[in-house]
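Quick setup: one chain, the form predicted alone, written in structure tokens, and binding and motion questions come after.
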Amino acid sequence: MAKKKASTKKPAAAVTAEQTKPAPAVKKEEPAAKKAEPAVKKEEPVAKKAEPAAKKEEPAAKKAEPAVKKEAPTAKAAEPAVKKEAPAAKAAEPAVKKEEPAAKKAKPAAKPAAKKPAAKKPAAKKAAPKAEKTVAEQPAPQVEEPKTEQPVQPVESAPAQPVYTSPRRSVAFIGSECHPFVKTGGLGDVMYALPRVLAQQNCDVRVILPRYACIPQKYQDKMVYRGEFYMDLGQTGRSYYVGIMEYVWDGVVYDFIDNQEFFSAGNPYIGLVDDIPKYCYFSKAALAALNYMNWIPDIVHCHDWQAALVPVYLRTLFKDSPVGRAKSVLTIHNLRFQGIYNIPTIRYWTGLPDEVFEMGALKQDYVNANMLKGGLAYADRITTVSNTYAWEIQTAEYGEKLQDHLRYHSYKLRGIVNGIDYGMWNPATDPSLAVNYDITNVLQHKPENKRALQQELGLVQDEGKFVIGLISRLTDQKGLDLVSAVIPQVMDGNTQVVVLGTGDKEYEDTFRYYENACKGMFSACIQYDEARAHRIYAGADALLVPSRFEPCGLTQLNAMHYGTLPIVRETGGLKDTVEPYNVFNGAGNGFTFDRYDAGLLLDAINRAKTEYFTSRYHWDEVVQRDMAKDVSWENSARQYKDLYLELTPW
């Protein structure tokens, strides 16, 4: 463990140093590489002139080889100048400047190499006649001129570097869950993927999480002890232990707040009676830990109600501490969950001043305190996970009693659609699939994944069936009452339905009933199985997401990336990411319906089936269009980075 401590402390600094300095070093090294390269490039005509002869008569080619091999030393002579520069690039900029003369010395070595091919031409011509003179002579005029422009290729070795040229910012992510440590929903995916992409876009990122007992032991074993301190909490009259355990992975530092009194339960969320004290403690401990580690971020980015007290603490109890200079961003992933409890209890656990318990901040309904509402009032910026949802939550239908409060703070509210992590969700490399595929061969290999899925779930194995997938928490929010109402009409003998998820017993029992009633055509997997979810995305033809409301939604993005067309209701992120298919001009990337109505859902399913069975060419076009669509985190992370720069213009 002692070794781990030492190695882990340094990587945090090493990560930031490597992200900022290597770029210039490589750029300065390029001229040397480019000067040395023509020596190799201009040798190619000699080898290529001998090749036609090799195709028709191998012995002749073997005699021609020495002519090429004599050239090789010239190229290798130029190479050492380049190889010696590589360590200099890793060391520091001054070292590169000193190496530049070495690169210049390599230039004369390159020039003779360019002249020698001309001198050696007779050797190639002598070898070629043994097979056929005309064959050897024809390539000469064709190969020489185009190959002189080949030196342009080295530019490809530094792709997409301009993306990282924006000013560097440090960001502390504070939230209650993060894949792969602990995940119950989309928040875990966002806390995992967004910091990693921001780290690639010149941000110094640190993620702060509770150290739950349910975190897998393989991650617990790799955590390194960073320190501990004691912190007072609210009006409890006692001090609480705060331990800091660190885990560094893929350019991101994860700091876990350790306290067995609060985080020893088997699940992250138990009930408000336990969760309110737990997240009051966590929000304060996260800021105290930043001060303790002397790592003061430019931005504190907190997520959902569990971390909503962070902006409140930041502007009150921590305003005169080092971390008090940070700006705060609060992201709403689902407005339905707000952390509401009676005022005396939250006052007891937080110790916040009286002014924060007014109607403009935490106070709600005169007797309750709303942790999310307080965070919205004190945060410098509010984001939510789609543009449409940012508008919807300001209405009575979707506002969850906070619509007036959100309209008041609308000047700092904006929507940024989530993305998906291409490392986790990529049909070309996904180990869970029966057959991997990409946009170039999806039409050939997707049917194979369909057959494999049908076999796995005990369905009738027939590529001609239209397979609809449903991967969801089984709750009212997901529109499952609409699904239950239309299943009898959907099951027409040509359609198969696959359900994966857990939730309300009512829906679990309903789907089990249909599995028994429609054997071989309906599958109800009442469980959470990540690998099976991947196989459903790959094997289904369409994915159903008829949500009552959906802040962003990730399942439709996963489906599109796997070539499975989404059938969705036009709400929240579903509306922002799925454009309805137009039968007249072929535009669009899915099938949609607007009002929350079972008949409209059935109509959308039937439109999809009609297109699949009667116009397969157009269906396949949309499949490929969806796979080509960029639904990665790159664009979303860039918008968050712009937001951070807007808040910190220094």
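Since the structure is predicted, the reported quantities are computational estimates derived from the model, not experimental observations. Throughout, we count residues from 1 along the sequence that is shown.
Below, we refer to the form predicted together with alpha-D-glucopyranose (GLC), which is not included among the displayed structures.
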Is it true that Val385, Arg473 and Cys552, all three, sit within 4.5 Å of alpha-D-glucopyranose (GLC) in the predicted complex, judged by heavy atoms?
yes
Only one of Gln201, Asn334, Gln454, Gln364 has a non-hydrogen atom within 4.5 angstroms of alpha-D-glucopyranose (GLC) in the predicted complex; which is it?
Asn334
Leu480, Val190, Cys280, Ile393 - the one with a heavy atom within 4.5 Å of alpha-D-glucopyranose (GLC) in the predicted complex:
Val190
Among 326-334, 513-521, 490-498, 224-232, which stretch sits within 4.5 Å of alpha-D-glucopyranose (GLC) in the predicted complex, heavy atoms only?
326-334
Would you check, heavy atoms only and a 4.5 Å threshold, whether Gly186 touches alpha-D-glucopyranose (GLC) in the predicted complex?
yes
Taking alpha-D-glucopyranose (GLC) as it sits in the predicted complex, is Gln338 near enough to touch it, meaning that at least one heavy atom pair lies within 4.5 angstroms?
no
Considering non-hydrogen atoms and a 4.5 Å limit, does alpha-D-glucopyranose (GLC) approach Asn418 in the predicted complex?
yes
